[in-house]
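Below you'll find only one chain, the form predicted on its own, shown as structure tokens.
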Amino acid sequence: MSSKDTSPAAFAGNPRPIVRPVLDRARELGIRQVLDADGALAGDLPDPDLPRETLLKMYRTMLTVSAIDARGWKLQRSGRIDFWIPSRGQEGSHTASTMAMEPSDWIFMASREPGTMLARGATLLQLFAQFFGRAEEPLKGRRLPLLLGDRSLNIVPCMTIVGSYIPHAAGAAWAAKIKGDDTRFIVYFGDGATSRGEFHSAMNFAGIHKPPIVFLCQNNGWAVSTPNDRQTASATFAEKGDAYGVRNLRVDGNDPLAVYSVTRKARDEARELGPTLIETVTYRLGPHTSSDNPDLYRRSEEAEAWRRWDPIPRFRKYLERRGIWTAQEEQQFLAALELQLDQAVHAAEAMRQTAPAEMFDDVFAQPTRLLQEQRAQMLADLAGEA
């Protein structure tokens, strides 16, 4: 391709051949399930028989995550939000696993878990204030959209460096064990993070010290544009725990009941048996971020094949079979949700934006000389541009 070639063919990429969803062979591959693709009880795990209100909270949270995703994408494309990290297709994995933990447990976030914040009690206004980078949200508007967290909810925010926080989570869990308190931990990360040294350091540490933690690897098929078979020669990501003496299993990440069941069991056993590595097998239906074009590395037919396993309609069918949810209730919920999103967007956008100089606050209890010099230089530079 010449440097001046701007034809569509020049930017077509080289998408790989279509790979069928591994969930089509879940039982053969040892991927634990409660529900089949149609939401019927046909898996190898029993129905956890959760209370009606728990099921409704789980489903409504998943619907809300999907609606936030759609709204956030539009806001980013219209220039009102700087960046977006979609979570479409992964609503069930993080929402169900979060709800399997106790409110007193600590969560270390990755970047596709808005349902974690919602399940813990964060409001839509709080989330959109973070998306817009407003000073009044818990992280003071200093982070990219969707790098969420809130100390008051026992949620440690994600770092931009993939997987860098996994050892911190393991260390925090070990500290709880040493103190003798009953707090458990869960840490989220993607399949790509398993290629970093921090993952292996944390696994080795956890295998030795047996901290009460759940390592939850959300395998969505792609580390940006790198597919699983280019990420590892291992048959699964779960089996990486074997090398370190960490219990592990694979679960259908698009089956909220299965995810809840295995996470709850791992959480309840963590005090006596130590850590568990759970690989939730899911799929990123959309782009990696708003800066990505997945058509360059995968074919649209592959993503379409995964829609059969979409966690939202699949879980809805289960609820409908049990007489817990109806099409009318869904229509009413979504209509009310759109109004709530409108209100949250308008209120958050009207909040005060974080000033550039505020990035130097809270780095240390007392600002250092170097920080003060950097702040002064930046303010002088900004004044010179005015």
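Residue numbers here begin at 1 and follow the sequence given. Keep in mind it's a predicted model, so treat the numbers as computed, not measured.
Absent from the display: the form predicted in complex with a small molecule. The rest refers to it.
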| query | finding |
| --- | --- |
| Option touching the small molecule, based on a heavy atom within 4.5 Å in the predicted bound form, out of 152, 160, 78, 293 | 160 |
| Contact residue in the predicted bound form, from 246, 122, 303, 223 (heavy atom within 4.5 Å of the small molecule) | 223 |
| Option from 135 to 143, 189 to 197, 255 to 263, 293 to 301 whose residues, in the predicted bound form, bring a heavy atom within 4.5 Å of the small molecule | 189 to 197 |
| Exercise: residue 210 in contact with the small molecule in the predicted bound form, heavy atom 4.5 Å | no |
| Partner contact for residue 288 in the predicted bound form: the small molecule, 4.5 angstroms, heavy atom | yes |
| Heavy atom of residue 112 within 4.5 Å of the small molecule in the predicted bound form | yes |
